[in-house]
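Only one chain is shown below, in structure tokens, and it's the form predicted on its own.
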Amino acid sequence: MTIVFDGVAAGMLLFLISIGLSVTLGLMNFVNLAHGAFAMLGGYVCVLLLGQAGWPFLLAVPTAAAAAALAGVVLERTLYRRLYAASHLDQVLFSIGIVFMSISAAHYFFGARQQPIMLPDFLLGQFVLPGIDVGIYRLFLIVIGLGLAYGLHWMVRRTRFGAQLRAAVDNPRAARGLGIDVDRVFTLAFALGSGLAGLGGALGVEMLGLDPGFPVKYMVYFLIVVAVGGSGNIHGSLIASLMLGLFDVCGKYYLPQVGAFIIYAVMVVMLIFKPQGLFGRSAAK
């Protein structure tokens, strides 16, 4: 049960980091492989605020998310916007270039070493229940992830902004004709996706570590979540993240020789039977 709990916590952390990619790739139809760079930015901002500025953890984490969101707005206004109508290959090549630039910048300013992080006392330790050891920080990640999943699903399906975003992606010309400011909607959506990446990066430093290779190291994981869960589906991304986290942790514990391969095997099997993902658009029709 402890292994299962750790798998759920790992899956929830994967969801927290990758859900922003579901917004930009799934909802905006923009292939942003630089998603991990925004997560890395959030992680470094959080580490600096905690270690050098002495900020409290619960203030440093949202500030790190806000810093990533601000970076997303700046890049969207100056660079990303030019590629909305470009081919997916152009978007991939451009975002890969952003990844390499971010890695070089992190090397220059912070060096190649892992960045330490100090969690507050109330998130340290664990408590024991019958048959399971519950880590407090892992439980904290699970609660944050579930709350975020509910909030995002409500925003996309129940709010005016969510309706405007779906309309702007499906038919920008018609959306403009109805008076929707498509450029503003895209900017806000990109800021949301970048901010979520920064939030996940800040919360993930303790479990995943943080170094300049972060955007490349976990890029495949983000893409797997979106592919298995279904493009643009918040609920699907949550289910996919939990599945992959469980298989990854259990595989590495019980089959350490092939544990790192299991997550890819799960992806291949799922996409053979569900090419559009568990809750892809075609499956929802």
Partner chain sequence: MKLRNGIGIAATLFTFACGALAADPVKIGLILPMTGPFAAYGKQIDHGVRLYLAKHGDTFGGRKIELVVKDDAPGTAGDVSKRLAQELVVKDKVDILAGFGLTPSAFAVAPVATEAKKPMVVMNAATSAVTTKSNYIVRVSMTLPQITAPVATWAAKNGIKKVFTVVADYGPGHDAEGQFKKTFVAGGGEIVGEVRVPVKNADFAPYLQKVKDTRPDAVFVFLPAGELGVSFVKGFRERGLEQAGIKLIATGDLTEEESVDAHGDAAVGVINSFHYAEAHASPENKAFTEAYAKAYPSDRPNFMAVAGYDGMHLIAEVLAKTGGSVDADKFVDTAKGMKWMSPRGPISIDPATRDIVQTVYVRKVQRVGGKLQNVEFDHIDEFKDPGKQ
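Residue numbers count along the first chain shown, from 1. Whichever C-alpha set is largest while still superposing within 1.5 Å between the two forms counts as the rigid core. Everything numeric in this text was worked out from a predicted model, so none of it was measured.
From this point on, the text means the form predicted together with the partner chain, which you will not see here.
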Does the partner chain come within 4.5 Å of a heavy atom in each of G125, G135 and M207 in the model of the complex? yes
Which of these residues, A174, V143, L129, M118, gets a heavy atom within 4.5 Å of the partner chain in the model of the complex? M118
Which listed residue (R157, H107, R77, R166) meets the criterion of a heavy atom within 4.5 Å of the partner chain in the model of the complex? H107
So, P256 and the partner chain: in the model of the complex, are they within 4.5 Å at any heavy atom pair? yes
May I ask you to check whether Y221 falls inside a 4.5 Å heavy atom distance of the partner chain in the model of the complex? yes
Is L27 a contact residue for the partner chain in the model of the complex, using a 4.5 Å heavy atom cut-off? no
Does A260 reach the partner chain in the model of the complex if we count a contact as any heavy atom within 4.5 Å? yes
Name the stretch, out of 247 to 255, 64 to 72, 49 to 57, 36 to 44, where some heavy atom lies within 4.5 Å of the partner chain in the model of the complex. 247 to 255
So which residues in 1 to 22, when you check the partner chain in the model of the complex, have a heavy atom no farther than 4.5 Å from it? T2, I3, D6, A10
Using a superposition on the rigid core, decide whether the Cα position of W55 changes by 2 angstroms or more between the shown form and the other one. no
